[in-house]
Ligand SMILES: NC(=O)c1ccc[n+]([C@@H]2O[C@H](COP(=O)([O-])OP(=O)(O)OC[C@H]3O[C@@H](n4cnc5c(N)ncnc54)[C@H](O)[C@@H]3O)[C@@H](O)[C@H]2O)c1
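As a starting point, one isolated chain is supplied in structure tokens, in the form predicted on its own.
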């Protein structure tokens, strides 16, 4: 444990998921006051993490969560957006619009709303940092053999949103950047063992990324070491996109 982020407040959405939970724990270890936002599953997080139940598809829920976090403490809150769902291998021609709306609602609309609400507060408080967790699927590759056209589209939107917000808010003191992981050793990917040989065979380094590696990248973009990063997207895919 260090004090790298001592005195900093950092909110993490999608905090109950594999990558989100790892980011929360790593920021806590580095001295941050961590606010974990998710719709369920927050009991998996360390007791020192402040947990907030929020529906990221609901504007009212997101607004209420941000108001609650600032109700008794005016310290600026930096943001990591990590919430995301995938359509679980559905062919585009068979895609029901209800599933399309669900994926886009969390992965892109939810990211925009959380960036907007937390960004507003950072702008009036002199600045801060936002890191969006996008994906190599957003622009570097089209995943295979699985079919996930809507997920890929949503993550491309997150990358574009990151760049757009960086240009709008960077001059006003809010740095917006992104981390785009490749295949990472998460509980979700562990359920897809029938695809592992294909994925690993096309990853130059021949292994999955680790939660620690993704968390370290997020920490870098939040830190003062990345003070000149504006609209940066860190692609961390073990060389998968080079094949």
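Numbering follows the first chain given and starts at 1. Predicted model, so just to flag it, every value in this text is computed and none were measured.
Same protein, other form: the form predicted in complex with the ligand, not shown, and the subject of what follows.
J.: Quick one: is residue 19 in contact with the ligand in the predicted complex, heavy atoms, 4.5 Å cut-off?
T.: Yes, residue 19 is a contact residue.
J.: Even though the partner isn't displayed, in the predicted complex is residue 189 close enough to the ligand, meaning a heavy atom within 4.5 Å?
T.: Residue 189: contacts the ligand in the predicted complex.
J.: So, residue 217 and the ligand: in the predicted complex, are they within 4.5 Å at any heavy atom pair?
T.: Result no; residue 217 lies far from the ligand in the predicted complex.
J.: Spell out, yes or no, whether the shortest heavy atom distance between residue 79 and the ligand in the predicted complex is within 4.5 Å.
T.: It does not: once the ligand is placed as it appears in the predicted complex, residue 79 has no heavy atom within 4.5 Å of it.
J.: Using a 4.5 Å heavy atom cut-off, which of 150-158, 71-79, 120-128, 169-177 contacts the ligand in the predicted complex?
T.: Within 4.5 Å of the partner lies stretch 150-158.
J.: Are all three residues 57, 83 and 133 in contact with the ligand in the predicted complex, where contact means a non-hydrogen atom within 4.5 Å?
T.: Yes, the whole trio is in contact, each within 4.5 Å by some heavy atom.
J.: Looking at 66, 184, 32, 45 here, can you tell me which has any non-hydrogen atom within 4.5 angstroms of the ligand in the predicted complex?
T.: Comparing distances to the ligand in the predicted complex, the residue within 4.5 Å is 184.
J.: Could you check which residue among 198, 207, 40, 212 gets a heavy atom within 4.5 Å of the ligand in the predicted complex?
T.: Contact with the ligand in the predicted complex is made by 40 alone.
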